[in-house]
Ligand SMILES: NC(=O)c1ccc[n+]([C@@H]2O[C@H](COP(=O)([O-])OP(=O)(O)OC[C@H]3O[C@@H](n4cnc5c(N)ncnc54)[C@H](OP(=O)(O)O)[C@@H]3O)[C@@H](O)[C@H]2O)c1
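Listed next as structure tokens is one chain, alone, in the form predicted on its own.
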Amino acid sequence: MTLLNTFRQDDIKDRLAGKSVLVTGGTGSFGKQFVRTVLEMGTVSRLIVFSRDEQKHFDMMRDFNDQKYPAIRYFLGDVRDLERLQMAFRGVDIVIHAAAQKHVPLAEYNPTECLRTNVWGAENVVRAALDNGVEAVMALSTDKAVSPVNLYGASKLAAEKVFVAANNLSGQGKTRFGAVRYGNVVGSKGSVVPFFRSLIAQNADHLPITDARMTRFWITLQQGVNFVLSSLCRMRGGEIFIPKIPSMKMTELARTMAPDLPQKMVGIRPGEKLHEVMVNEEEARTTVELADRYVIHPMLSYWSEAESEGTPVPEGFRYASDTNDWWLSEPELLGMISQMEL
């Protein structure tokens, strides 16, 4: 099975040619991979890294400096600050919104902080984009937004609703909004793979597993970037794009990474699910299937359904990590891990 097999780099190059692109959360794991990918294409006029972390900006400037990459710009700011976003979005054509607070237990303990970034920050991005006539905004979401049981997932569901509904606010204006929704990223900071790798390096005597039944969807950083860019090319306004990606049991992931280490069951953390869902039965009513992805159409269409591509999914369709028909093999997982940043 091939992942994201309709990604065509020439299409992306054409879409970005001469454009001014801004990525919020640009110094994070996704942001850095996105910046690297877009700069190597060499067609953007400006690529603006928007982030609140001064040290991460400083560190990133060593790898991506304006002498080597004249298109790069660094803009300190927080998505909670509407006025700063208004300034940053001047002259911007495309926004990729990756800024988020995403740690489930921390969100449970600090709910208002999570909401300020993930929900009010999303609203600020919408306002700044509309006020500055931005052409397209693509927001990053998560499988945890589907039938959420934790605040992080609920905040990302709310953010999805904000971005889809923003197409109503745009009206006949040119700004269009969409979102991508995908699963666990193998190489992102704070995910389980770097955590297990760290424990293995420290000669731990076991790997902790929350529940032996747990499954998750998996994708690499580069695959996530490719998916965002290819979805940007397809977006007409209001869609949520979901990639077809493999699942794996957490016990199998641990065994693949450390076949000789025992596993210790430690119990599910607050707000955690046994399995993740990326399309539920209710969403299936407006979902179509393409070769490498599912697309949830907005309940209120902002374009003619005659223009739509894809095949409607069956009634009652559910895309979940435990009933997925694509399971990650050991060699595939090791190949994904090998792509992680050292």
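It should be emphasised that the depicted structure is a prediction, and the values quoted were computed from it without experimental measurement. Just count from 1 along the sequence shown to find any residue number.
One more form of this protein, predicted in complex with the ligand, exists but is not displayed; see below.
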Partner contact check in the predicted bound form: of 207 to 215, 136 to 144, 157 to 165, 256 to 264, the stretch with a heavy atom within 4.5 Å of the ligand is 136 to 144
None of Glu272, Glu123, Asp131, Asp78 but one has a heavy atom within 4.5 Å of the ligand in the predicted bound form; the exception is Asp78
Assert contact residue (the ligand, in the predicted bound form, non-hydrogen atom within 4.5 Å, options Lys56, Arg36, Arg46, Arg285) equals Lys56
If the criterion is a non-hydrogen atom within 4.5 angstroms, does every one of Phe50, Ala98 and Asn184 touch the ligand in the predicted bound form?
yes
Could you tell me if Ser188 has a non-hydrogen atom within 4.5 Å of the ligand in the predicted bound form?
-> yes
Is Thr117 a contact residue for the ligand in the predicted bound form, using a 4.5 Å heavy atom cut-off? yes
* Asked: Closest heavy atom of Lys102 to the ligand in the predicted bound form, within 4.5 Å or not?
  -> yes
Residue-level question: is Phe241 within 4.5 Å of the ligand in the predicted bound form, judged on heavy atoms? no
Near the ligand in the predicted bound form, with a heavy atom at 4.5 Å or closer, the residues from 316 to 330 are none
